[in-house]
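A single chain comes next, written as structure tokens; it is the form predicted alone.
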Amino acid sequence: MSRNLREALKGKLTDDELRRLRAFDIIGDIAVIKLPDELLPKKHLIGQALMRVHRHVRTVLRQVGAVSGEFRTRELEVIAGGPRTETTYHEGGCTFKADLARVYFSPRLAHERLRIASLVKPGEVVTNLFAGVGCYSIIIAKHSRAARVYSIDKNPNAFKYMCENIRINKVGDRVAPILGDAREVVKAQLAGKADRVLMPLPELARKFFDVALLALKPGGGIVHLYDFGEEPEPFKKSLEFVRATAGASGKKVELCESRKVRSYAPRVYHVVLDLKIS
């Protein structure tokens, strides 16, 4: 059996084509791969090779376009295996079901989810503004002694899976799923309740930072803001933004930690700022 995808395709693809192969994600028993246009005529060959290398994979999906739209979903095409997009994924001692064509899901944030859970103190109330199928919220409930995790998402499909995942992982006593736009939900139900706020959707971080401030208790708390940052100073613009926005509301910002979560594009990173607001 070949050790990796390039080895499995040696002799079937040219050296130049092999160099054009990109990284892929395995989520449960489904693999998702992006292919450049030059490799599309050989997509089925590539998909079948991927299944031979990773024997537990039952379906290979090609990501047709970028993540987009109100619910941050992506168009997927089956290039090998069974015609389906739903899978079950295991991470951090938890189990998650998701339909990859209907919800946003990334296995590349596993370390970050556990890192956040390790920071949550006993008795804290956590508000997750963009919860998706519930990964951050459920892992926090499993790996900390948070009193309550409010888990918000506006995508009805994500909300359906979030509720199922809460049930599967038996955390319904602490994780409260809420369907709706985070801004409206916080204004109507959750203003001033949180010790800690998660903003794990970098595309909306700046637009909703005022909502995160509103969600915190009057005495302040912690905000985990995810954003995009460019080299050579990937955190500079994000930090300037949060200080200006918080300052306009009479609040002070202390940077506890800044981290590159992953590479997003050449010289661009998905970053996180851990912020203490007072």
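On a predicted model such as this, the values are computed, not experimentally measured, just so you know. Residue positions are given as counts along the sequence shown, with the first one as 1.
Keep in mind that the form predicted in complex with a small molecule is not shown, yet the notes after this line are about it.
So, Arg72 and the small molecule: in the model of the complex, are they within 4.5 Å at any heavy atom pair?
Taking the distances in the model of the complex, the answer for Arg72 is yes, it comes within 4.5 Å of the small molecule.
Ile152, heavy atom within 4.5 angstroms of the small molecule in the model of the complex
Yes, contact at 4.5 Å.
Can you work out whether Val125 and the small molecule are in contact in the model of the complex, taking contact to mean some heavy atom pair no more than 4.5 Å apart?
Result no; Val125 lies far from the small molecule in the model of the complex.
Under a 4.5 Å heavy atom criterion, is Gly132 part of the interface with the small molecule in the model of the complex?
Flag for Gly132 set to yes.
Would the small molecule be touched by all three of Phe235, Leu239 and Ile277 in the model of the complex, meaning a heavy atom each within 4.5 Å?
Verified in the model of the complex; spot residues all out of contact, no.
Can you pick out, from Leu204, Val78, Ala117, Ala101, the residue that has a heavy atom within 4.5 Å of the small molecule in the model of the complex?
By the 4.5 Å heavy-atom cutoff, the listed residue in contact is Leu204.
What is the one choice in Cys94, Leu109, Ala191, Cys163 with a heavy atom within 4.5 Å of the small molecule in the model of the complex?
None of the other options qualify; the answer is Leu109.
Choose one stretch from 109-117, 168-176, 82-90, 141-149: the one whose residues place a heavy atom within 4.5 angstroms of the small molecule in the model of the complex.
Stretch 109-117 is the one.
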